[in-house]
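One chain is shown next in structure tokens, namely the form predicted on its own.
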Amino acid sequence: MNKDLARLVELDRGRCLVAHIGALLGWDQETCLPSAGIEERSEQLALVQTLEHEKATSPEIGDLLTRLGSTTENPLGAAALGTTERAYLRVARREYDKATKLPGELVAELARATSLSQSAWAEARRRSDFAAFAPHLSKMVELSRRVASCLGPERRPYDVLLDLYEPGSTEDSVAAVFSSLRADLGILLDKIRGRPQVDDAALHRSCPAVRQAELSSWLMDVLGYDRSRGRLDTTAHPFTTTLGRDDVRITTRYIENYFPSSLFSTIHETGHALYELGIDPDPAFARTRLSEAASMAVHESQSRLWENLVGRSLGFWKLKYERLVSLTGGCLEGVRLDDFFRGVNKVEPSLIRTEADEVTYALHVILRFELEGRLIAGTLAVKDLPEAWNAKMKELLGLAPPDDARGCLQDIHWSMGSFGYFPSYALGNLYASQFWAAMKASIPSIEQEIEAGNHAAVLAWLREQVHTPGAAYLPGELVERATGSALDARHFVAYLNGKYAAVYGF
């Protein structure tokens, strides 16, 4: 390897180590930190993220990028370099340009405020007390605006924030996709409303957490999650985090009277983990920015593909249903497989995004997209968020949240300052369906393979087409490479119509 490039990789790996230390502190905070420890934890995270920022903005990195021919205008660098090397330079240049625009004191303040905000959110959600969380949310909105101002002072703040999660996206481009999607989902919902509703009462029978934990453990093994490289814990809001190349952890939560929550949460987070564990563009670039996801929407496509297109399919459960009935301790006794399949695919507007069905899920995302855009633009005051949330919930889903815990306090993201993240969830569904269509075209027998328990066939295709390259391709490039065409929402709409015609018989 070119000596300048080798030095750049060395510096990047040093930054990555610090980032993983910060991730470990964050994982500990969300899973097992004593409540009294939050103040010092916020200072620890501020210190660690300041150190990471210092490493990410080292002038030596800028010098090395320049010597390698990588500039803001030409991030790929010298044409004589190899394809993977140039892909790495593009990622390194993008991240260096962003990092150097952020003052170190802002990074520290954001880390400190985020830690305190997440803790305050968890308590406020438990007590359904928005007023207690509002000052923290106001702080996160203000800090997010400051970040946007540093990164793109000439652009709309929300556009800058969206680009952090899905490079190239803007509020207008996302709104255009969502407008069309909302119309298509409305047509499908009208068809479903004209049919008798699915009875899923059996899924609400009591299932103790200890049995759900056994079920989650079994599913992780079924899907090929290497336990020597990860683990499962519980938290208020399920997530996946990467603490090292061989340490990718997932979390779930157990709801006693609705075990499918943890069942599909575990499959969902395992999908995220399989992606992280499968990134391997080139051993020479392990533990660098190239060994990260292409985008959050691509990341979400992997969890949603496993959770919904595989995990909620009838074929997936044909050989596993007897084992599922056993693991759940009899709460599925007398429930036929077909009824279980229809039950976990019931379409009904609901209050909680993470429990939403595939058809109404995007409406939850659209709600958050529209409200957070207004928060960042300053056209919606934080104090007015609960009222605006409830009104938008009534408009999109026809429901009125009985309290803020099941309304505007239900998600952790805003407490983290993750404005611009939510659209990734809906875009992830679109990517997932397009990847699925391409996989079926490439492997016509893939559904039969799943029915026979050969999930390795799915994973192998995803490894080659999506996982392995890491950040070597931009999201648009990746989807074209894997599927042969640009992102097209029609794959998702066709998938939903086909599936729910079978579930509801229309």
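A residue's number is simply how far along the shown sequence it sits, counting from 1. Fair warning: this is a prediction, and the values are worked out from it, not measured in the lab.
The discussion below concerns the form predicted in complex with another copy of the chain, not included here.
Does Glu43 reach another copy of the chain in the predicted bound form if we count a contact as any heavy atom within 4.5 Å?
Yes - in the predicted bound form, heavy atoms of Glu43 and another copy of the chain come within 4.5 Å of each other.
Determine whether any heavy atom of Pro444 comes within 4.5 Å of a heavy atom of another copy of the chain in the predicted bound form, and answer yes or no.
No.
Report whether the minimum heavy atom distance between Ser35 and another copy of the chain in the predicted bound form is within 4.5 Å.
So Ser35 counts as contacting another copy of the chain.
When the contact criterion is heavy atoms within 4.5 Å, does Asp200 count as touching another copy of the chain in the predicted bound form?
Asp200: no, not in contact with another copy of the chain in the predicted bound form.
Interface residue in the predicted bound form among Leu243, Ala213, Leu324, Leu337, criterion: non-hydrogen atom within 4.5 angstroms of another copy of the chain:
Spelling it out, the residue with a heavy atom inside the cut-off is Leu243.
Using heavy atoms only and a 4.5 Å cut-off, determine which of Val9, Ala482, Leu25, Ala489 is in contact with another copy of the chain in the predicted bound form.
Selected residue: Leu25.
Run the contact test on Val18, Arg231 and Arg287 with a 4.5 Å heavy atom cut-off to another copy of the chain in the predicted bound form and return yes or no.
All three within 4.5 Å in the predicted bound form.
Of 444-452, 47-55, 61-69, 472-480, which is the one stretch near another copy of the chain in the predicted bound form, taking non-hydrogen atoms within 4.5 angstroms as near?
That would be 47-55.
Going through 465-503 from first to last, which residues have a non-hydrogen atom within 4.5 Å of another copy of the chain in the predicted bound form?
Nothing in the stretch sits within 4.5 Å of the partner.
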